[in-house]
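Just the one chain here, laid out as structure tokens, in the form predicted alone.
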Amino acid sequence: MKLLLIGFGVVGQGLAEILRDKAARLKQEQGFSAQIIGVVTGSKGTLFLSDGLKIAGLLEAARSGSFVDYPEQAGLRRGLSASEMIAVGAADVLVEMSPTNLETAQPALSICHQALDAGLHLVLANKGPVALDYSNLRAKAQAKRVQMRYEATVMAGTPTMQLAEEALAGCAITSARGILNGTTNYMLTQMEGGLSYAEALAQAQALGYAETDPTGDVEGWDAAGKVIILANALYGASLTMADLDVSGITQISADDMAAAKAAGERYKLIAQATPGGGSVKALRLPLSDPLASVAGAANAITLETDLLGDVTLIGAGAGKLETGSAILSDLLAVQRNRGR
């Protein structure tokens, strides 16, 4: 399987490490082998070699900060755009891992459409294209008889979409509600332990959970993008950010936390998708709710079904290898389902 990678930051490097370290096992157990033939980044440069780039060289060059340091190979081409790499026609799958843009999804969205037009399968960790143009991308993938998979867009490597779309395929899912942002969950856990909002944010930033500008997390927009993906994928909705009721955790005070604790409840930022719409709100949950027990930077989701009742999934919602594992899972699914 020949891969074009768009983005080679934490997630892309995690995928590369997994493909390197698990190559023999994947070949033996899954009959799977992959070559990275192209990498496009905004800051490190671009590399293309139809016979396959060397993963060790990619990782070493990424650590140095520039693909200028990637060693020369016969046939190696530098500076090609994503469009030019797609046009070569050598790739099987485009893996979109560039930074998420939840306003326009560009430039990733245009690249995704180009890849589908060219007959490439599409695997995404980038939430933007799936959140903003799911129905068009899905329709084009079906028309081109290729696959579009996006497990990494909701809870990183924790298999939310596979559970909802495949394992629970016979069930009607009436609601998907969960903790879909690890940064805010970590902060709320620390605030319950006595830290102020400002102290919890500073700690989250020091640990790398929160960005220097934490707005997307603390005001609920990151989780909102995931609500749109869930609603569009599970219910065939065409929601936009404007359709959602979104608020974050910035107004929760120490008094609020104490009042919740005294009532036997716990604050969580709950993202919910239903057939009728979606929301992201800080809610007080009873301690009996499975989501109330999810602490730290973990993510969780409860799928309400007609046949099984509530099914709750808890796991990592971010991380280099965790997100890389979701992309690997999607690549293996592409291999299993080819030609179906």
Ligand code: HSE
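Note that the coordinates shown come from a computational prediction; the quantities given were computed from them, not determined experimentally. Heads up, when I say rigid core I mean the largest set of C-alphas that superpose within 1.5 Å between the two forms. One-based numbering along the sequence shown.
If you look for the form predicted in complex with ligand HSE, you will not find it shown, but the lines that follow are about it.
Residue contact with ligand HSE in the predicted bound form: Lys226 places a heavy atom within 4.5 Å of it. Interface membership of Leu180, defined by any non-hydrogen atom within 4.5 Å of ligand HSE in the predicted bound form, is confirmed. Ligand HSE is not drawn, but in the predicted bound form it has no heavy atom within 4.5 Å of Gly324.
In the predicted bound form, ligand HSE sits beyond 4.5 Å of every heavy atom of Tyr235. A single residue from the set Glu165, Glu211, Glu199, Asp256 has any heavy atom within 4.5 angstroms of ligand HSE in the predicted bound form; that residue is Glu211. Only one of Ile18, Leu332, Val10, Ala318 comes within 4.5 Å of ligand HSE in the predicted bound form through a heavy atom, and that residue is Ala318. Residues with any non-hydrogen atom within 4.5 angstroms of ligand HSE in the predicted bound form fall in just one of 218 to 226, 140 to 148, 107 to 115, 71 to 79: 218 to 226. Counting a residue when any of its non-hydrogen atoms is within 4.5 Å of ligand HSE in the predicted bound form, the one hit in 106 to 129 is Lys127. In this overlay on the rigid core, Tyr209 has a C-alpha that sits 2 Å or more away from its partner position between this form and the one not shown.
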